[in-house]
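What follows is one chain in structure tokens, specifically the form predicted alone.
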Amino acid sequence: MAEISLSGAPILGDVHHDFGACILAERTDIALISVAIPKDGRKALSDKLKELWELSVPSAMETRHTNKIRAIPMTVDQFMLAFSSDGTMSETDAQESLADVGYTTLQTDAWVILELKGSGAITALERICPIDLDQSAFPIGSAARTSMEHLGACIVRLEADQFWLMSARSSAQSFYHAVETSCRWTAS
């Protein structure tokens, strides 16, 4: 019998494209864990997050970030933990750490994360994102669920001109095409 070995591969091939005014790249080094808050369990989960990582539960449109871990709001009682998958902490470690206080689901392979950065990032996003990205309305650390070119997405502002754009892995090619096309149009 043949021995078969499987290995993971980035959905977009670890794409990295420089458009001059902005850079678009697939982030393949980020692990994602969905955390749902149990009924009447917000305080216990909040205490555990603080104890483990000096992190707090994110508000409706604002991420929390510390120690290389980012909590991204998704719904009223659910958020994503995003952290580097460099070996410092595994997805299993994160899930086991929260097992007593929250409901967790591994999401790393369910999402594609694109990072868009540079002076042209806002201009590229204005074509496809219906959110007001002015810093007074969407400051650093903000996050929102939205749609981009008919696809469900989540946008996170990391810096003034740096964003994570997240969408379902099943539509990663279409999502990338929409963002890439916008970058091309605004670069010319």
Partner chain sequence: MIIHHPLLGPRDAAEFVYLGDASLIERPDGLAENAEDTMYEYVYLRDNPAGLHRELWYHEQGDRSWLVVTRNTVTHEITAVELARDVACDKGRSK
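Positions refer to the first chain, counted from 1. Everything numeric in this text was worked out from a predicted model, so none of it was measured.
Keep in mind that the form predicted together with the partner chain is not shown, yet the notes after this line are about it.
Q: Is there any non-hydrogen atom of residue 91 lying within 4.5 Å of the partner chain in the predicted bound form?
A: No.
Q: How about residue 152: is it within 4.5 Å of the partner chain in the predicted bound form, going by heavy atoms?
A: Within the cut-off, so yes.
Q: Should residue 68 be classed as touching the partner chain in the predicted bound form when contacts are defined as heavy atoms within 4.5 Å?
A: Residue 68: no contact with the partner chain in the predicted bound form.
Q: Hey, in the predicted bound form, does residue 74 get a heavy atom within 4.5 angstroms of the partner chain?
A: The answer is yes: residue 74 has a heavy atom within 4.5 Å of the partner chain.
Q: Using heavy atoms and a 4.5 Å cut-off, decide whether 39, 60 and 147 all contact the partner chain in the predicted bound form.
A: Yes: each residue has a heavy atom within 4.5 Å of the partner.
Q: Of 31, 128, 122, 131, which one comes within 4.5 Å of the partner chain in the predicted bound form, counting heavy atoms only?
A: Comparing distances to the partner chain in the predicted bound form, the residue within 4.5 Å is 131.
Q: Only one of 158 to 166, 139 to 147, 23 to 31, 48 to 56 has heavy atoms within 4.5 Å of the partner chain in the predicted bound form; I'd like to know which.
A: Of the options given, it is 139 to 147.
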